[in-house]
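Below, in structure tokens: the form predicted on its own, a single chain.
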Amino acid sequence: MKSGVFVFAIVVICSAVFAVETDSLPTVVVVTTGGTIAEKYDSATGGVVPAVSGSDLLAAVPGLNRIANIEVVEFCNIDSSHMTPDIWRNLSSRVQEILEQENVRGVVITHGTDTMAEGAFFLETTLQSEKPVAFTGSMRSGSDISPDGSANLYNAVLLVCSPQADAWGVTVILNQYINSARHVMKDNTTNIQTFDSGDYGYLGYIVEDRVLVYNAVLEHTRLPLPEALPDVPLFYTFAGDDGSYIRYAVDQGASGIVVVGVGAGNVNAEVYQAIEYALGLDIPVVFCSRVRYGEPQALYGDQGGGSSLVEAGALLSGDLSPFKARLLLMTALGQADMSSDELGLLFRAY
């Protein structure tokens, strides 16, 4: 009888200690949006499809309850090839609401890798909170031999709980490597080591529950979240391009245009004239380069060279990828009171 009482006492004491430890843990909200991390093979379609709920996703990650109190918000469950700027706008609004809760340490967002770099950049630009936000996902589905989603999700929660994340803003964490939302790009279609930040390098690396710091984020550019996002098409120019697609977009009411040129951002004479047509109607044009490394430059003075484009009033994209430059232009044009001079200053900051 005494032995039974003793065992009961131990259980009560252990439960009390566990409760204290749980109460002392930070609260991390995991917002799920779908992607490969939430997909499994479907025999009917012959491919992987959305199949896993947010709760099931977390249940597959051992040890999470030792590092954080986890709450789940199931925002959507789609492949990220189906993402749109309007979905990211709504996601940013929802995440901002979550971050404003005093007890929330930060947010982890599960997202497909196809457009993760763009989604992360959009939230980096529009969130007004200093709390850490980490995007993660997986390159392998739950039906693969060695899925990578559970480890990535664990590391994302660990990252958000770490003090190192406080200065990094929105990050992308997969395969233990931490990237800034501003510079991250997907560079491999299928390999689990798919994300990098080019010449800027990784922010850090996670190993054995430790966050190793490699680099700092020097600045954050934030804009208020627009009520609506305007139409901004993106065009890759090519040899023999006659500029007709740009003219068509202008005539269809585009609010701004992003043009991806060759080399240092150059285009041919016909495309240059189409850009002039847009600029003549006060439609902002941002030009980028299709080259992975380096930035567009105002180097060449012939018709369509970077120097002539700047002289005509087009804006350089700076170190942004074409897709991020488009999102920045959409966000900027969604501001009710941004002048053309302020728009120029915004892009020159990049």
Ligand code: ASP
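Note that residue numbering begins at 1 and tracks the sequence as displayed. The model shown is predicted, which means the values in this text are computed figures rather than measured ones.
Keep in mind that the form predicted in complex with the ligand is not shown, yet the notes after this line are about it.
- Task: Can you work out whether the ligand is within 4.5 angstroms of a heavy atom in all three of T32, E74 and N77 in the predicted complex?
- Result: No, none of T32, E74 and N77 comes within 4.5 Å of the ligand in the predicted complex.
- Report whether the minimum heavy atom distance between S321 and the ligand in the predicted complex is within 4.5 Å. No, S321 is distant from the partner.
- Message: Since only the chain is shown here, I'm wondering whether G112 would be in contact with the ligand in the predicted complex (any heavy atom pair within 4.5 Å).
- Response: Result yes; G112 sits at the interface with the ligand in the predicted complex.
- Task: Verify the contact flag for N179: yes if a non-hydrogen atom of it lies within 4.5 Å of a non-hydrogen atom of the ligand in the predicted complex, no if not.
- Result: It does not: once the ligand is placed as it appears in the predicted complex, N179 has no heavy atom within 4.5 Å of it.
- Should A117 be classed as touching the ligand in the predicted complex when contacts are defined as heavy atoms within 4.5 Å? Result no; A117 lies far from the ligand in the predicted complex.
- If we take heavy atoms and a 4.5 Å cut-off, which stretch out of 220-228, 255-263, 161-169, 138-146 is in contact with the ligand in the predicted complex? That would be stretch 138-146.
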